[in-house]
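Shown next as structure tokens: one chain only, the form predicted on its own.
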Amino acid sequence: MRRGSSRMNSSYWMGAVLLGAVLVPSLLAPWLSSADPLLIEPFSRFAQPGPEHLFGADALGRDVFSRTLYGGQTSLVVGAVVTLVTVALGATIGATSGFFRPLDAVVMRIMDGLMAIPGLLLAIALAATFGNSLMTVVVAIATPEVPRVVRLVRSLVLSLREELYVMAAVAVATPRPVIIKRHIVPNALPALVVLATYICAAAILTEATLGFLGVGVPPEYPSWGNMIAEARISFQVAPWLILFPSLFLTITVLGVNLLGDGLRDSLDPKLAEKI
């Protein structure tokens, strides 16, 4: 038991440190960098990393350090919003589907249909219809993720509704919304929290992929995906343009995944006993 707890602590704290190493500088971007991430300086084109430009400058002379920090804000906001929207919708739909059986077949067929939609194709279609925007990116990433949460919550509800304390609540005519709130949600919360961390990591990575393909957030929003896409043309001339946003993206995704592993080991006693 102690070994499992030790592993949880190491994974949790390592993930928290890595995530904090990106989150804190991104939030403090206005104070850590005085450079405007959108300011074009032709005379600073491809400036190498140095005192004036800590991470160098891109093909338009924009400060890469400032753009990397502000790009972290964009990626982290997308990851957080997608996670909140996905978990809220998925948990509500999954709990309703699992507890109200007449709706189960209809809801799950709809979820199967949503899972068949590739996220990248959906993003391209939305961008072509409504244009590149932050809302388009959030909808495109969240839509394929909702069924994952629905399936998890539904399976948990189907198991929990057979517990004696839930059956006793039903026997005394406790309203079903009250049963879901008092008995179902608290017991399903640990698994939901762990899944939320993986959804957040996937959302951040998908946002970078969409930005790389040109269907992500608009160019006026600095993002790691946009920066990597712009840097691929001049990679051989200025490799630092792709190095720093890629490094920050890797650290963020790794940190969130390690945080999720630590939470999983902590919140799942059976898994902790096996380790």
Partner chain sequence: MAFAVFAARRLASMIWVMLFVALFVFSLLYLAPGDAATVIAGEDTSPEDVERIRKGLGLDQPFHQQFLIWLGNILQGDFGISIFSNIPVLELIGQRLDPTISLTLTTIIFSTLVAVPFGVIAAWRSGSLIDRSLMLFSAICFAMPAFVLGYCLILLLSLQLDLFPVQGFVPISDGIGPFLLAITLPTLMLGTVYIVLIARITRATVMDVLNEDYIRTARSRGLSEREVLIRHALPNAAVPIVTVIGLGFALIIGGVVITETVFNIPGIGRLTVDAINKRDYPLIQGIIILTSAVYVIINTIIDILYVYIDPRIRL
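Computed from a prediction, not measured in an experiment: that's the story for all the values here. Numbering follows the first chain given and starts at 1. So that the term is clear: the rigid core is the largest set of C-alpha atoms that superpose within 1.5 Å between two forms.
Omitted from view is the form predicted together with its partner chain, to which the following refers.
Contact test in the predicted bound form: L122 vs its partner chain, heavy atoms, 4.5 Å: Flag for L122 set to yes.
Its partner chain contact at L259 in the predicted bound form, heavy atom, 4.5 Å: No, no contact at 4.5 Å.
L213: touches its partner chain in the predicted bound form, heavy atom cutoff 4.5 angstroms: Yes, L213 is a contact residue.
Residue contact check: L254 to its partner chain in the predicted bound form, 4.5 Å heavy atom: L254: contacts its partner chain in the predicted bound form.
Selected contact from L164, V178, M135, A116, since only one has a non-hydrogen atom within 4.5 angstroms of its partner chain in the predicted bound form: Answer to the contact question: A116.
Triplet W13, V146 and L152 all within 4.5 Å of its partner chain in the predicted bound form via a heavy atom: No: no residue has a heavy atom within 4.5 Å of the partner.
Which of 166-174, 103-111, 82-90, 68-76 sits within 4.5 Å of its partner chain in the predicted bound form, heavy atom basis: Only one stretch passes the 4.5 Å heavy-atom test: 103-111.
Within 4.5 Å of its partner chain in the predicted bound form: residues from 238-256 (heavy atom criterion): Residues within 4.5 Å: P239, I242, S246, L249, T250, V253, L254.
C-alpha of A191 moved at least 2 Å between the shown form and the other one on rigid core: No, because once the rigid core is superposed, the C-alpha of A191 moves less than 2 Å between the shown form and the other one.
Residue shift check between the shown form and the other one, rigid core fit, I117 Cα at least 2 Å: Result for I117: yes, a 2 Å-plus shift.
Pairwise C-alpha change, T143 versus A127, in the predicted bound form against this form - closer or farther, 3 angstroms or more: T143 and A127 sit closer together in the predicted bound form.
CA-CA separation of P118 and N132, closer or farther in the predicted bound form than in the form shown [shift of 3 angstroms or more]: Farther apart, which means the C-alphas of N132 and P118 are at least 3 Å more distant in the predicted bound form.
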